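The data below hold one chain only, encoded as structure tokens and taken in the form predicted on its own.
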Amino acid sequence: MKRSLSTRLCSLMEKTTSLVCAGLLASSLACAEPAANTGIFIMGVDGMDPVILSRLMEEGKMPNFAQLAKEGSYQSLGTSNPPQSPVAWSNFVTGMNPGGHGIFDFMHRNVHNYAPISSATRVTGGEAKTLHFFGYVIPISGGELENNRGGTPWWDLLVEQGVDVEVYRIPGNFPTPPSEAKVLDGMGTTDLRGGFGTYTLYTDTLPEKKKPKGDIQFVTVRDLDLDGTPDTVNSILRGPPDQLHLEPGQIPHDKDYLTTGVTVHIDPEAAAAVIEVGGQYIVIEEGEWSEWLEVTYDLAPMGLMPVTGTVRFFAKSLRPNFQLYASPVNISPSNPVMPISTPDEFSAELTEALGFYYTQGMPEEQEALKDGVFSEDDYLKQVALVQQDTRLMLDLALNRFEPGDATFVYFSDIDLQCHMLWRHGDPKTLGAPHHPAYDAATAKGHTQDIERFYRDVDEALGETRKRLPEDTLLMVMSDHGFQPFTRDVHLNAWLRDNGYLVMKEGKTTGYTVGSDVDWNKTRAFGLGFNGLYLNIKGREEQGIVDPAEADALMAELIQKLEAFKDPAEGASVVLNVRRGSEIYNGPRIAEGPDLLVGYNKGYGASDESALGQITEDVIANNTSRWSGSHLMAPEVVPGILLLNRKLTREGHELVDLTATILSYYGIKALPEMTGEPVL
């Protein structure tokens, strides 16, 4: 997730000019003719489910949603296929399906080596070229990472017509495409290390999980002042990869990251400590989160290329066991090393108004909960900080909204909590059997957590309705709903057992990347959470399936997968399988999967199979804390739509909302857009 050094140097030189231009642009937009309507305000609530919402409204727990539904309209909303967040939000942003915008899954496949690659980015500018100079690797051209999403966002079309647009934390917008609209990136934005959230744990005890996702720093509390009390910890905090010592495409190891020192002085009497990072000091009590600290890493000698991030600490335990948690180092919104907004200065403008905030795309630190580093209470305490950011942004957005504007505010509250907390109690089917990951002791006091997050959004809706100018079009929507995720499906193991994926002699498990699979005999493989690909001759590197035989092979796979029964439960594992060529339209269909596997409720692709792994078992209980999901057939996880206007029909989809936004401002949808206005 890096721009080349040459691009960054040019950006530094142009900074002053861009600030002046941004000011002129703001002035020109302020003087533009006002829109002929009262504007639109959109609350994008990730993962809100119509069944759960309807029940809570009927029980009187969502009064603001109930009032909006009564005065306006409320219905379920068709999601994308597959119903994955990057796909669904790309549908909403562009008004196209994946065949048009090119985002088919969290992961796509590399046709040359069958490896999973991120769907979010593509490399442009040809092969990266570097200059080796006194031990430094200086990038001089090529190898630029750009956003892989195609199409034109609705906000660009509005801005062209003089509409003042603000978009807060929109998923799938990183790396940041150029735009004249004020847009802050959301889900998909990396941390400073270039990943999707690597925490650091300073600890003198082993973590619960054998292979945790975090950076585990084993430390010793030492008596450095020789007063007889061990009270000092010295360690490091890793930041960005040391780009000037890495070849293009080289995967960094622990030693390849820039670091800064961390010193912790534990109070000899109180349950508190002083943390020192980069010449800054902060006092923290046990069980408390610190404020944000800005940390700087020197990429080039003599501070010529400082890289700035932000971090906050959580003092989980100071004595007798030492456990200090550091959040992933976020890209600093006040001085981002790469754009995380448009214009570049918008993120800093928000920092001036709000203070530091999470810029990491999925800020809820669910990896720490998965790894057992966080307890449920630890996790919820951190989630409250993310909610605070959202509420502050909502407050700012409402303060800045004027008649004729278009504003979108993203709420992540429900999605991540349904993923992580469903195992405590099913909010969709009351009285359902316990989830395989259910633990009575852990669930105690947390069975109503998901409902609480719904009620929190209801409060936000109430505040929004009070403060919006009269007759503003208010839209509340979600990209998909939710279901329990109780059974892991290892699709590649199923393909192996049914003769479509063939392992090399002596192997029964392994990976699609490398030397485990016999591609000279393999006809199909799974990659991503819903994708199934044929090993087509002339398309895949070692393809063997004649294109003329592909249709018959797909028909055979569809028939067998839709007949696939869970040997333990007897239920249908797969609700339906769709051909990409039949459900998609647009110039990028060929980039996507040949088949889309729509799992039945309760079932979903395992992480292993999604990454191209072939396991021993075909299906197993999901005992992960990641216990709710929506990576299923779109029919079982629709989203929601509420408007403060009456609708005359149902059956709308995400792409229809894009058409509605444009139509509301009298703007004609582009020919490649597939939706119809709902109003």
Partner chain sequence: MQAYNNIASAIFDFLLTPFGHEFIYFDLLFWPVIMGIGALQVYKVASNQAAITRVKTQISMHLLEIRLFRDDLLQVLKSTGLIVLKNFIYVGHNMMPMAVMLLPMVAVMVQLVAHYGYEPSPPGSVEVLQLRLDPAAGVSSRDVSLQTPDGVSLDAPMVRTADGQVFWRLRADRAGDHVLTVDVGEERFEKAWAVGGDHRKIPVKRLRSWEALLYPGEEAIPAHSPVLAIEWKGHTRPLAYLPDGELGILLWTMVLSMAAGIALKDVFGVTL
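Residue numbers count along the first chain shown, from 1. Note that the structure is predicted; figures quoted are calculated from it, not measured.
What follows is about the form predicted together with the partner chain, which we do not show.
The single contact residue among Glu160, Glu459, Glu582, Asp227, judged by any heavy atom lying within 4.5 Å of the partner chain in the predicted bound form, is Asp227. Here is the short version: of Val274, Ala555, Ala432, Ala300, the single residue with a heavy atom within 4.5 Å of the partner chain in the predicted bound form is Val274. Heavy atoms within 4.5 Å of the partner chain in the predicted bound form map, among the stretches 400-408, 219-227, 521-529, 421-429, onto 219-227 alone. Though the partner is left out of this view, Pro268 does reach within 4.5 Å of the partner chain in the predicted bound form, counting heavy atoms only. For the chain shown alone, Val283 is a contact residue for the partner chain in the predicted bound form, at least one non-hydrogen atom being within 4.5 angstroms. Although the partner is absent from this view, Glu180 stays clear of the partner chain in the predicted bound form, with no non-hydrogen atom inside 4.5 angstroms.
With a 4.5 Å cutoff on heavy atoms, Asp231 counts as touching the partner chain in the predicted bound form.
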